[in-house]
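So this first bit is one chain, no partners, the form predicted on its own, shown in structure tokens.
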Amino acid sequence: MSVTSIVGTRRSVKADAVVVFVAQGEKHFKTSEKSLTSEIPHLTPVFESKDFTGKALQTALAYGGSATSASRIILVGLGDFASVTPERFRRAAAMGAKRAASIGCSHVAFEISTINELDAASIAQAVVEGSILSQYRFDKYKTIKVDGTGSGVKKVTLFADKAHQKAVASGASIGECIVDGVVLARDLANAPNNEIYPETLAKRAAEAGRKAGFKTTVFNKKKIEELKMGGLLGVNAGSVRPPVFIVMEYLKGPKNEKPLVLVGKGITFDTGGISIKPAGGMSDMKSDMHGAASVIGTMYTIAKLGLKRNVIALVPSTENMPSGTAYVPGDILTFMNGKTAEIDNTDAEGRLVLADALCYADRYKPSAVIDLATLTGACVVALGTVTTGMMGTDEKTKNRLRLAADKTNEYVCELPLYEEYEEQISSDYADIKNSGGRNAGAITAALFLKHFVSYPWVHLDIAGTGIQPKSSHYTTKGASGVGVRLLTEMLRHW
């Protein structure tokens, strides 16, 4: 997918289709109608029919004839003028791109003009994100490709007047970097286990680092044993593939700035281990490393953007397999910091590998640590596939994430970590046990992790938001890439 920004008009831009956004509101809509019909007379019947009103995500297709260089004009509604936001533009751009793709357009141009006090750069960024992400498909293994109509948009052009072109170009560039990170995360999390397993995940992280400009170090099993990462080694015990511990370093901020550390759960396939999962839906467990995918995608994005920040990312990665050597309920594991945990359920493995990574993060004396993990089905029950569960000890970082969520629409909702829940993970034989049962499962999982932090910390449970059951707007079925836009927005405005 290529993105360009130019100075141009609806009539002069050359593309398969030109998308024009129109908002509701009598005064604004009438002004848009007058401007559009005077420039492009073929649009007159569209407005006279009253079929198109500017309602949010409504579309109308017309043909410009000799009045335009592009043969097609697609009008997309933004909804009420007074409440237009960047998210409206993301969704409207996605709708415009989908409509264009459905009629075989491969090159689509979007008009960028300011509205409702939104600046041109923010609008351009939103349009790039919405249009390109809506076209994402994980189809590398399909040998029969779809030809002609519906094959997808391959080129996006943003056009504006000369006064706004510089801002549009800046916003488009930011949007393109963010899209690249989201697509990387989606590709990693959608890939089957015979493509992405610990060793190849590490290789892909290193490749991303070489391309974008961050350092990647990969610890092998011997090094992991030296570090006494008993959680990561315990979960790995049933797999023939060895674990890895991936360290990514992006240090472009001031030397005296404490780094932010990101931690991503990297279970490349989760069978549940000895506490094996039901067969139905188990294929989705190729995406149980979405936390790792999101962290790698975020590092790729912030490096491409050249942010002046110090950021470290850690990924503990293994498969969780049942075998004669697998860890079993009743086992007791000792973690990097010396704490012990009784295994109640081998399918509560994500918190075990994260625990060692959270211990390792302490050596950086971080300003804060944020971990992302497809951790609990309980979080899906509580918040569905729309909102990420947020828990932790650091109010400042939680507030920063809330602000970023408001701008990106990657929603977060805080769940409490009251000490009364601790009783559910108490153990008769070890410091804690790894499962507190069904009730408050997302909370007790976070409380387990809390035992391994000694710094400001926030936990994001993306079990629901990471794997989407159906396509919606600019998110397609399967891996969503959630977290990349959220964390990037937070880091850009830290």
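In case it trips you up, residue 1 is the first one in the sequence shown, and so on. Bear in mind the structure is a predicted one, so any value in this text is a computation, not a measurement.
The form predicted together with a small molecule exists for this protein as well; it is not shown, and the discussion that follows is about that form.
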item	value
In the model of the complex, segment of 226 to 234, 101 to 109, 343 to 351, 129 to 137 with a heavy atom within 4.5 Å of the small molecule	343 to 351
Interface membership of S435, the small molecule in the model of the complex, 4.5 Å heavy atom rule	yes
T374, heavy atom within 4.5 angstroms of the small molecule in the model of the complex	yes
Any non-hydrogen atom of L314 within 4.5 angstroms of the small molecule in the model of the complex	no
Contact flag, K265 vs the small molecule in the model of the complex, heavy atom cut 4.5 Å	yes
Single option in A94, L333, A378, A368 placed near the small molecule in the model of the complex, where near means a heavy atom within 4.5 Å	A378
Residue among I467, A440, V458, A70 with a heavy atom within 4.5 Å of the small molecule in the model of the complex	I467
